[in-house]
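Okay, so here's just one chain, in structure tokens, the form predicted on its own.
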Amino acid sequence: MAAMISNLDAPLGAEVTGVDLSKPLPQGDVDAIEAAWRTRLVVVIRAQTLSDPELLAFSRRFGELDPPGPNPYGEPFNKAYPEINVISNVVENGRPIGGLGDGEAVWHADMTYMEVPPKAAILHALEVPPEGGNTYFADMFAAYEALPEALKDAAEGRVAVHDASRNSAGMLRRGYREVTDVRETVGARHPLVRTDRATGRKALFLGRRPNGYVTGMSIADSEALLDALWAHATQTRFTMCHRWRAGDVLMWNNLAVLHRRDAFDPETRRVMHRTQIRGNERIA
């Protein structure tokens, strides 16, 4: 049975059925999943039971893997398979088994503080809380296309610094200092508007809001422009919400969406394993 693709009832997102990711997929199924990822930006595949090697094998069908970004503890959470990151609030023997805890993870794209950010991320849910911990995605192609002309003109040709000092849960990474002046933010510089090379479509490329700075502007003007773009880009009309079930696999286009996570009850468990596909181009 070949993979079947159906669009979600949302501005973005597609569900894939008829596949077992624990087994090698026919190339036709891989191509169908990649096409859905390119056009609908978020792909949902439910009811998958994957070992770490099986998750890695599936992920590698879409490109070379990037290692996880640095975590506050300075060593991989998954020592047996360091290309897999662990997202969890669980603490064992006094030490977290994963990152990001149980609080809200604010709107962001992954690792845009790098010169060449990952092009995709894949998240496999092993344990989920009974409620909360939902993940939201926002379509940055649609957000750009709906920009008021004045705001579109203000963003065109501008470059912003993407802060490397904190993760999306707000934790300061090891080796970084607090940012007290956004003009001194450490991280890659990317255009506020990127052009997708495959389609020629333009998208907002915002990365993360905290400590962001638009180069060449006064702090006040930079803050005003970024605030306006973020308020526009995260409107409900551009978003979808994924309510997790154990066994879900999500794959998203990291260069074309923002995502965030709800907080959840710290007395419940949430354990997810994550891979990311290496990007092959600088943002332009």
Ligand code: OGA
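Just count from 1 along the sequence shown to find any residue number. This is a predicted model, so every value here is computed, not measured.
Omitted here: the form predicted in complex with the ligand. The next part is about that form.
- Remark: none of the three candidate residues (40, 144 and 193) comes within 4.5 Å of the ligand in the predicted bound form, counting heavy atoms only.
- Looking at 58 to 66, 228 to 236, 252 to 260, 23 to 31, the stretch with residues near the ligand in the predicted bound form, meaning non-hydrogen atoms within 4.5 angstroms, turns out to be 252 to 260.
- Under a 4.5 angstroms non-hydrogen atom cutoff, the ligand in the predicted bound form has residue 135 among its neighbouring residues.
- Shown alone here, residue 87 lies within 4.5 Å of the ligand in the predicted bound form, counting heavy atoms only.
- Mapping the unseen interface onto this chain, residue 140 falls outside it, with no heavy atom inside 4.5 Å of the ligand in the predicted bound form.
- Taking the partner from the other structure, the ligand in the predicted bound form has a heavy atom within 4.5 Å of a heavy atom of residue 100.
- The single contact residue among 108, 202, 119, 158, judged by any heavy atom lying within 4.5 Å of the ligand in the predicted bound form, is 108.
- Of the listed positions (128, 123, 182, 114), a single one reaches within 4.5 angstroms of the ligand by any non-hydrogen atom in the predicted bound form, namely 123.
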